[in-house]
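Only one chain is shown below, in structure tokens, and it's the form predicted on its own.
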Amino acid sequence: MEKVLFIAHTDADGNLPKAALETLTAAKATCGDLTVGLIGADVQAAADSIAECGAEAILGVSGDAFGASRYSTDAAAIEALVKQAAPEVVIAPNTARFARSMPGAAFRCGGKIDTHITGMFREGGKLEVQRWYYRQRMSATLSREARPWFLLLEGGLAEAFSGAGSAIVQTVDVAVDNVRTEVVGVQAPDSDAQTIRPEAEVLFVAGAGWMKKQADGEVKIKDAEEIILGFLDKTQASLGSTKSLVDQEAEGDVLNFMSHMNQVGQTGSTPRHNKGLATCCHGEEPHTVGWRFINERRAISLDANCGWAQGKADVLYIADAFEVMKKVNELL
């Protein structure tokens, strides 16, 4: 089997993100001789956390210049690791940081790259991968003869690797003299204002029904906001939305914490959470296509004939979402 280089970057605390640990498990299960390459301000703690992964060597590019996400330094670090390890296949998590820098590094190394990989296996000894096309409607299985072959794997493909110990890191030097971009800080919303949480156990999706007239003939936007935010605050769930709901901003009526960034579906995101709860959604194909990687799907709808009832939900509650979620919040 091919010689494989697994590359990961550390987070702000110097640890490996969950997506990287999942990618490492997938790489170990599928590939042969494994070398690990780590990038970060200080990679020793990250190396110790995976010391028992069975890698032939753990390479590290470290220093203050590599602590933050920046194309110039990340691409240079990846290129240096690849030249040091001389792999046939390079595997890394499909994080935002690597999605920006890995394609350029692959070009510098004379390789080919495939991103958003959702499956990896061997057929007759040949490495093959899977990914989705046409807005997540078609799955393709592909392989390449070109080497080095760079692969960016989506999260959720395998269990996160666990095997800490004491690791020896071989330092790989990278010159950063000509860097013209300076990282001055990070701007992020307050934690209580953040509604998109990729690591959350539960995905809560709101549909346009929250903005429509209720049983008493009134539109209850304030009540909807209190119920939804109350659930998110108590569970730390991630918030999703249908396209029909976020598009209502053009009509003037919209939940003040909702944006197109929350959109799930054919023209939105395809999140990966263990459980999903859809409320006031019809469960039509353009929306449910975004639930392809949710393990357990539940929905609340007043319509027993909606799309969720046609085999798209594991459990469908025929009830008023306002009343159900109020009771759920009380129980929480």
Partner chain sequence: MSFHIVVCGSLVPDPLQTLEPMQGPTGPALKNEMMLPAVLDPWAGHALFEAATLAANVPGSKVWLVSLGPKAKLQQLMMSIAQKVAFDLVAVDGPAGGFLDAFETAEALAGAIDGIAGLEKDKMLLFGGCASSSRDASVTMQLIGERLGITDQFLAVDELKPEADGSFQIMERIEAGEYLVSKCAGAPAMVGWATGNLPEPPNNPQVGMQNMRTVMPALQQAKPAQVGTGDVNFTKVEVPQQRRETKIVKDTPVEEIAADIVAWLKG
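Positions refer to the first chain, counted from 1. Just so it is clear, the structure is predicted and the values come from calculations on it, not from any experiment.
Here the subject shifts to the form predicted in complex with its partner chain, a form of this protein not shown in this document.
For the chain shown alone, residue 222 is not a contact residue for its partner chain in the predicted bound form, no non-hydrogen atom being within 4.5 angstroms.
In the predicted bound form, its partner chain lies within 4.5 Å of some heavy atom of residue 231. Although the partner is absent here, residue 56 lies well away from its partner chain in the predicted bound form, with no heavy atom inside 4.5 Å.
The closest heavy atom approach of residue 256 to its partner chain in the predicted bound form falls outside 4.5 Å. Listed residues 86, 168, 175, 99 were compared with its partner chain in the predicted bound form; 99 is the one with a heavy atom within 4.5 Å. Note that among 23-31, 36-44, 56-64, 302-310, the stretch whose heavy atoms approach its partner chain to within 4.5 Å in the predicted bound form is 302-310. Contacts between 86-113 and its partner chain, taken as any heavy atom within 4.5 Å in the predicted bound form, involve 95, 96, 99, 100, 103, 104, 107, 108, 111, 112, 113.
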